[in-house]
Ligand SMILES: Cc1cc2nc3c(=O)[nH]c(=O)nc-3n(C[C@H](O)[C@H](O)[C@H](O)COP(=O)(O)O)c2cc1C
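So this first bit is one chain, no partners, the form predicted on its own, shown in structure tokens.
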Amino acid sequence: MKILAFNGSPRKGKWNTSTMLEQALDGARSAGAETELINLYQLDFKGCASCFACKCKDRDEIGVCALRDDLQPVLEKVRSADALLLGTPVYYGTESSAMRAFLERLQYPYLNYEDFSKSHFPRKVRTGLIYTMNVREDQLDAMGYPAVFERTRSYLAMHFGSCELVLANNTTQYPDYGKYEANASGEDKARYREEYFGGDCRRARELGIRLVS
């Protein structure tokens, strides 16, 4: 079984989104899966160009984006993957720009304009969606975040068969809070991370296992 994961954060290493993704992939590997992580910010690509080549009735292939850039071979891998895992930080109330562009290119070719209830993706595969954010859990409703998350989750489920959501709130942004503007102290952030981020990572790992099982 092959799981493809996509990091929509410009940060790699030990930062929030990449850490959550690695925990999920570790869980998937423990259940016997082969995994691959793709860092979207390392690729040269754009979002949908609205060319409608994927909607032409005389197109050679169904569900294939016509744009030729670094994302083309990645989208080809998606067609044979057994599960998909997407992780993104929340920037200005939604996914990062790289993740938004990727979602457009990933999903639009599979959108069936003649019958929205029938995806052009040839199989049902499980998908997972991880969000990391500076926003506290008690702020989510007031900021309208649940509707944003559910919109993306539901589209992935519509195209691929199912999608499960995992959130990490109030994440640490800076290595040294004394050097940057912030709405919390470094000490408060460190205490929160110590108490809660381990649980977030555990839930990500459990998600990875469920993608395989």
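None of these values were measured; they are calculated from a predicted model. The first residue of the sequence shown is number 1, and the count goes up from there.
What follows is about the form predicted in complex with the ligand, which we do not show.
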item: Contact flag, Gln173 vs the ligand in the predicted bound form, heavy atom cut 4.5 Å; value: yes
item: Tyr92 within 4.5 Å of the ligand in the predicted bound form, heavy atoms; value: yes
item: In the predicted bound form, Gln107 touching the ligand (heavy atom, 4.5 Å); value: no
item: Val135 within 4.5 Å of the ligand in the predicted bound form, heavy atoms; value: yes
item: Partner-proximal stretch of 67 to 75, 98 to 106, 83 to 91, 111 to 119 relative to the ligand in the predicted bound form, 4.5 angstroms, heavy atom; value: 83 to 91
